[in-house]
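There is one chain below, alone, in structure tokens, taken in the form predicted on its own.
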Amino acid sequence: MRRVFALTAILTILGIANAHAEDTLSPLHFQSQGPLGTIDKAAAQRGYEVYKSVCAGCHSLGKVHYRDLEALGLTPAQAAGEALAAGGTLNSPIKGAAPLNMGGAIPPDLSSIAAQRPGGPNYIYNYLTGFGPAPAGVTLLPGHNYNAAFPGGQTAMPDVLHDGAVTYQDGVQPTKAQEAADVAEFLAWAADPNLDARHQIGFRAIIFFAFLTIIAVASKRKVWRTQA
């Protein structure tokens, strides 16, 4: 019975470690989150398309290099093509266009935005989908827009996402919500490109110590049974 329980626990952990957030939006869920989370590479690749098409006009990714895109599943040739199209090399950081000065607010570099903001990708998703009319009684500052997720409710950034803002090659419908979720997963990867490797090491350590515990308990009982 104990062996069955141990096997069930291990299989459960394996299932968690290999989970796939195919339906990220119902309910909102990011595969990268949690102690055994892994990057949803399909979502992150789509998110890179959103970043490149929509976000790079203002925001850079100065701590991420084009060669790093190979970790998302791009081939070396594809990563080199992305660098060449941007006028760089594989070793070049991913830079956006010259950032616009939005009423004195300079768009931040997005390399570690998912790590800097509480909630990580959840915050990014809520921010990108949080634009709307200002509630009654709220007076917006000049050049600002209302965003329910942003502290203070006012941001200089406009609402940039909309249905069909990008074209996905994998057939996923590019709704505004999907685009927000995908770029949030991409930015979660950008903030921690080694997340998968770290969690794999942690997972192996859990399995090792679980096995060691079973051996130790079995040995202890055998020793005490012999002495009795």
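All values derive from a computational prediction rather than experimental measurement. From 1 onward, residues are counted along the sequence shown.
Not on display, but discussed next: the form predicted in complex with a small molecule.
Only one of 119, 107, 88, 73 comes within 4.5 Å of the small molecule in the predicted bound form through a heavy atom, and that residue is 107. None of 54, 191, 39, 177 but one reaches within 4.5 angstroms of the small molecule in the predicted bound form through a heavy atom, and that residue is 54. Proximity of residue 113 to the small molecule in the predicted bound form: non-hydrogen atoms within 4.5 Å are present. Residue 128 belongs to the set of residues with a heavy atom inside 4.5 Å of the small molecule in the predicted bound form. In the predicted bound form, the small molecule stays beyond 4.5 Å of every heavy atom belonging to residue 134. In the predicted bound form, the small molecule stays beyond 4.5 Å of every heavy atom belonging to residue 148.
Only one listed stretch (73 to 81, 134 to 142, 150 to 158, 88 to 96) carries heavy atoms within 4.5 Å of the small molecule in the predicted bound form, and that stretch is 150 to 158.
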